[in-house]
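In the form predicted alone, a lone chain appears below as structure tokens.
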Amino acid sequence: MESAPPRADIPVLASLPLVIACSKFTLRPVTVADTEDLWPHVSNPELSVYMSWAPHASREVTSAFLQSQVDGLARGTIVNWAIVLDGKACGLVTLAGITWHFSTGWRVDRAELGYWIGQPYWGQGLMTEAALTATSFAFDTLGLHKVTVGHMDQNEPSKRIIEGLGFRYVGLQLEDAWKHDAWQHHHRYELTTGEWSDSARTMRFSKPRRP
């Protein structure tokens, strides 16, 4: 399905309904107050094996990161949701690099999807639903034209999430980043709003609800 033209009005990100109720958890924008909840996860070396960041060495690192996400939301360039389960933040799902204009006469209207969840919550389907919800927000609420996403080579759980959401494989970026004392390959995917409209009809997940 061919995508519609770009939306005429560019929304103010922080003014949109950003708290989203899902089947087992709630998504809400992160705050610095989430430091204590997230610290046990972001300091876990097993979590960050396939991430673009190293384990956090201190709570101060976590707090500084969360403040940068709060600031990014105010600028309209990123929305990073805490996955809140049983009253605690246990992971994050993000639309980063939100871009509407590249230059005069050139529209791009896109964002990059990112996500992680703490190790105790792996294998429960929570991350898939969170990623689906963020993707739905990008297209249905924010009105973006394209969402991109990627995973490091050998990250099979992330691959299953991405492909399960209907993202189209773009290609392999060889030796894309240096980590673990070696150059790492990066697999890239994307999804347009037209593709989303088609795939959303056959999703086995229900649409996210807003409180």
Ligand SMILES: CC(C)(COP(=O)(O)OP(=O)(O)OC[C@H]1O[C@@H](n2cnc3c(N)ncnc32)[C@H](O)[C@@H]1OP(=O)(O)O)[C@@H](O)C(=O)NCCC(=O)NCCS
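Throughout, we count residues from 1 along the sequence that is shown. What you see is a predicted model; the values in this text were computed from it and never measured.
Heads up, the form predicted together with the ligand isn't pictured, but that's what we're talking about next.
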Please check if H185 has a heavy atom lying within 4.5 Å of any heavy atom of the ligand in the predicted complex.
no
Non-hydrogen atom contact P157 with the ligand in the predicted complex at 4.5 angstroms:
yes
Should M127 be classed as touching the ligand in the predicted complex when contacts are defined as heavy atoms within 4.5 Å?
yes
Is there a non-hydrogen atom of K146 within 4.5 angstroms of a non-hydrogen atom of the ligand in the predicted complex?
no
Is the ligand in the predicted complex near all of L13, I78 and H101, within 4.5 Å of a heavy atom of each?
no
Sort through 136-144, 110-118, 93-101, 70-78 and report the only stretch with a non-hydrogen atom within 4.5 Å of the ligand in the predicted complex.
110-118
In the predicted complex, the residue from A177, V61, L172, M51 that sits within 4.5 Å of the ligand by heavy atoms:
M51
Just give me the residues of 27-41, first to last, that have a heavy atom within 4.5 Å of the ligand in the predicted complex.
none
